[in-house]
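The chain below stands alone and is given in structure tokens; this is the form predicted on its own.
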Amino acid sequence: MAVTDKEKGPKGGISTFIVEKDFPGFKVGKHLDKMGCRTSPTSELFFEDCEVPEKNLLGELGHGFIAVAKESLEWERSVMVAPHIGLMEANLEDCVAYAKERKQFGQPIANFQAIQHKLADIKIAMDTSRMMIYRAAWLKDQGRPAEMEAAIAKLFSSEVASKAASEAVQIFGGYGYTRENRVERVFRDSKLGEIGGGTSEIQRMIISRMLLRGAR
């Protein structure tokens, strides 16, 4: 995305282009060492006097932010939160198995109400998130606007996934703090959902702004 009309700014002054890796002025920087989601490589991108042909314009000139970016973000928010369901499913599977196996005070920790409540909360978070994500995906599939639904799905699922990941580590105790267990990796991976594709704070801003405009 690039500013093509400084006077208009975000409302008609930003355009979107497809930049191919062999274009003059484009360079990939060093690989960033991330806390989680390490199988997805992330690097800095440099566009120094980058030359892009007119045919690589995506959408209309000046509508890169209003049309292309907002539409893309709806898709991104709908898609990127779906893995949270898988993360919570993995956590629940591991936690149920461990709770039945791990014994304290002469009995499995699954017998303790505190552990049972944590398992129930993870299940509730997972199923509720699934319905929200399905609703946003269904609206997109129908070609209907889903800005608010995508924001709600992303905000809710990412925050409850992080909480569920924290509870999973708590169930495993000190053992869950070691890299030997999948719950440790899920704990690190889940945090990205509250940051990527627009932070939780941005999602709340989008939702409240649409409500104040009369959206329901």
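Heads up: residue numbers just count along the shown sequence, starting at 1. Owing to the predicted nature of the structure, the values given are computational and were not obtained by experimental measurement.
The same protein has a further form, the form predicted together with a small molecule, not shown here; the description that follows concerns it.
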4.5 Å heavy atom contact, residue 205 to the small molecule in the predicted complex: yes
4.5 Å heavy atom contact, residue 195 and the small molecule in the predicted complex: yes
Contact of residue 56 with the small molecule in the predicted complex (heavy atom, 4.5 Å): no
Contact label in the predicted complex: residue 201 to the small molecule, heavy atom within 4.5 Å: yes
In the predicted complex, segment of 145-153, 187-195, 46-54, 163-171 with a heavy atom within 4.5 Å of the small molecule: 187-195
